[in-house]
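The data below hold one chain only, encoded as structure tokens and taken in the form predicted on its own.
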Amino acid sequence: MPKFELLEPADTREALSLLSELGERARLLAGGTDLMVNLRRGRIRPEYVVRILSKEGLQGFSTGSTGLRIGAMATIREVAVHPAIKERFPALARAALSMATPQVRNRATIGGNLCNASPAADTAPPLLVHDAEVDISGAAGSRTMPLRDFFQGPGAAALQAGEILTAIRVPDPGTGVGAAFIKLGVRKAQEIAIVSVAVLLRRGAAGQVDEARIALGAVAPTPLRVPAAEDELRSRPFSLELAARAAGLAASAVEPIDDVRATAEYRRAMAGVLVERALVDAWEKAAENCEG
């Protein structure tokens, strides 16, 4: 473990001030499940680690007519078991539950999972299909941006020096919506995704697809949406043939790599398979929600 000075600011405002002043010499400690690994492996060597003690405004959940706000310091376990998420955003709950181990889920935060900017971040695909936004704060003020613009590359998020992610905002999905999440790994637990897929479909009164969103993880430099596949689905009656065509378009849009978990060829093939399965699953859920 490299040597560093641990700073424990009294509140979020002081933390933002320190991060702004120290710049690249400092790293933020929230859950620490990624930071501590990177420190031990020598991937980063900060002079300072800023530990957030006050979680005011950074933790908890709030619901309203416009949707759900998730504090960035909410743990992955809290996301997985929260009643509002399980009811209105089940794909996100399932993704959170698939992540790592119970011990890690009790410690890791949803903000950290996103800020780590891993292409395989488990919570990213379901949040992307729900058109989530992120709130960002810094010493100079606050801003909000779409999550789809937050990921800049492997390990690179759209945070400027001295900024932190404070919350995730997820719009209410409305009625007639079904969402699905599927993760493929070598094992069923404690696994980084080889491919992950999230799908959201809205069923129209005549049985057509009114809205379609598809997101994938671990198959490109960042988690990504696939507009061509989404456009193929919209305003058409749902069928297995339509799902297969959209899945093929999704598979052709990915940019996978070879690594220790899988080859690029296998990832591309499985991206199509999982998208097709997730589309069928989401459509069935949308039908159930229409009936309900």
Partner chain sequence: MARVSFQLNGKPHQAEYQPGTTLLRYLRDEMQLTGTKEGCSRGECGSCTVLIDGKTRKACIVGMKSLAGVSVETIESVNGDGLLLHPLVAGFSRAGAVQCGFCTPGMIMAAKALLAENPDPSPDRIKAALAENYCRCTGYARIIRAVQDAAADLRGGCPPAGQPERELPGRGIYGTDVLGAEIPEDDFAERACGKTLFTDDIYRADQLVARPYLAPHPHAVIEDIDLTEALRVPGVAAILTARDVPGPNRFGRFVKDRPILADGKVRFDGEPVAVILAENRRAADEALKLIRVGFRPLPVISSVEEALAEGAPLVHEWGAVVARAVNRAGDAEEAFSRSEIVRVGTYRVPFQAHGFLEPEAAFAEPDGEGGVIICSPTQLPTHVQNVVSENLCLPKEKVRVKSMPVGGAFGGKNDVMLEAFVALGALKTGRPVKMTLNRRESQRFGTKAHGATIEIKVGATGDGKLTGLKAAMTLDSGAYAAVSPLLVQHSTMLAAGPYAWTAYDIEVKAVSTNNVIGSAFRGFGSERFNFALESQIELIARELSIDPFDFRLQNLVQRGTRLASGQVMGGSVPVARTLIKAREILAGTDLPQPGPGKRIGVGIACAHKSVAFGLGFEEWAEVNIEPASDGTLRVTASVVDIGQGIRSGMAQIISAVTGIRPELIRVSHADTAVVGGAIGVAQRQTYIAGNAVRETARLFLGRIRTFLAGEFGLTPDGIEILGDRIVYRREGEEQPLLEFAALPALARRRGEDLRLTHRYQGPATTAPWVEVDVKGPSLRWRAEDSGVVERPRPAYSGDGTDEIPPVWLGLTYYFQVAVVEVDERTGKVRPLKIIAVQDAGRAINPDRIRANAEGGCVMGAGMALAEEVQMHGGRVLSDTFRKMKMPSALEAPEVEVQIIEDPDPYGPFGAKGLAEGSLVATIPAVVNAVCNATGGRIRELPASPDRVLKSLKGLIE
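Numbering follows the first chain given and starts at 1. If you're wondering where the values come from, they're calculated on a predicted model, not measured in any experiment.
We do not show the form predicted in complex with the partner chain, though everything after this point is about it.
Q: With the partner chain left out here, work out from 173-181, 142-150, 214-222, 103-111 which stretch has heavy atoms within 4.5 Å of it in the model of the complex.
A: Stretch with heavy atoms near the partner: 103-111.
Q: Just to confirm, with a 4.5 Å cut-off on non-hydrogen atoms, which of 164, 192, 93, 117 contacts the partner chain in the model of the complex?
A: It is 192.
Q: Just one of 263, 38, 63, 252 has a heavy atom within 4.5 Å of the partner chain in the model of the complex. Which one?
A: Only one listed residue qualifies here, and that residue is 263.
Q: Should residue 84 be counted as a contact of the partner chain in the model of the complex, where contact means heavy atoms within 4.5 Å?
A: No.
Q: Is there any non-hydrogen atom of residue 25 lying within 4.5 Å of the partner chain in the model of the complex?
A: Residue 25: no contact with the partner chain in the model of the complex.
Q: Just to confirm, residue 236 within 4.5 Å of the partner chain in the model of the complex by heavy atoms?
A: No, residue 236 is distant from the partner.
Q: Is the gap between residue 18 and the partner chain in the model of the complex 4.5 Å or less for some heavy atom pair?
A: No, no contact at 4.5 Å.
Q: Even though the chain is shown alone, can you say which residues of 43-72 have a heavy atom within 4.5 Å of the partner chain in the model of the complex?
A: Contacts from 43-72: just 51.
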